[in-house]
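Form predicted alone, single chain, as structure tokens, below.
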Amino acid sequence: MSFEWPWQYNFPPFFTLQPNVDTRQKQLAAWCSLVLSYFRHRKLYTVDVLEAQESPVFNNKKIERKLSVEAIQVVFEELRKKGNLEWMDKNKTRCLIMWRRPEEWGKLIYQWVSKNGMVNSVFTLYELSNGDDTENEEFHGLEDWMLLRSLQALQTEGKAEIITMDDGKGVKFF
């Protein structure tokens, strides 16, 4: 399935930050939505800021426009404020894009556990993210760092406990 670009993507002024405050706010909202949709579609979680400018999401070769590195930083800052981005280093060169926050993943995982009558069951992290039982679930293939954060969110809510097992980590659901 191919990614559907929003109409703004083929509109050259979209690639230049607008000076009018209201227009810029709408533009940034559209950029945030585009970045999250694109990363979700491609199941991507990390981005290098210097490489971002060459990524299709910020570089529309068809209309020969690309968002400047400074504008990309503004979009990333907006995503950070919304809780969808975390910097991986102090220099802000790499970041995690969370198109779904850990609490949201945790909710999806817990719904699956409940729906399948697996409350009070123990799973390895591998079983949850890569097991045959979860193959058709949206969280199948979830990267370990995000899976762990999602389970930590459930642990905070008292719905799960992360446990250490011989071959790594596991989780018990309540």
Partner chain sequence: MLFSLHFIKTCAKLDVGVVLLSTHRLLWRDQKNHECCICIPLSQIIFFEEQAAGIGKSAKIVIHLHAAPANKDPGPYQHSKFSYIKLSFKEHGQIEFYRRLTEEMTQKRWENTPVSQPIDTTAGPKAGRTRAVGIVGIERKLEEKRKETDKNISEAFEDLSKLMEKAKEMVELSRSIANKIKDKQGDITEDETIRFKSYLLSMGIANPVTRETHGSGTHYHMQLAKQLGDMLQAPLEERGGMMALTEVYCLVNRARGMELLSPEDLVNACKMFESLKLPLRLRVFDSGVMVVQLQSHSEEEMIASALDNVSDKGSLTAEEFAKLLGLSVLLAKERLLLAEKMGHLCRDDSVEGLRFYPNLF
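Note that the coordinates shown come from a computational prediction; the quantities given were computed from them, not determined experimentally. Residue numbers count along the first chain shown, from 1.
Just so you know, the form predicted together with the partner chain exists too; it's not on screen, but the next bit is about it.
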| Using 4.5 Å between non-hydrogen atoms, is E64 touching the partner chain in the predicted bound form? | yes
| query | Does the partner chain get within 4.5 angstroms of any non-hydrogen atom of W7 in the predicted bound form? | reply | yes
| said: I'd like to know if P19 sits close to the partner chain in the predicted bound form, meaning any non-hydrogen atom pair within 4.5 angstroms. | reply: yes
| message | Please determine whether P13 contacts the partner chain in the predicted bound form, using a 4.5 Å cut-off between heavy atoms. | response | yes
| query | Among 113-121, 145-153, 131-139, 23-31, which stretch sits within 4.5 Å of the partner chain in the predicted bound form, heavy atoms only? | reply | 23-31
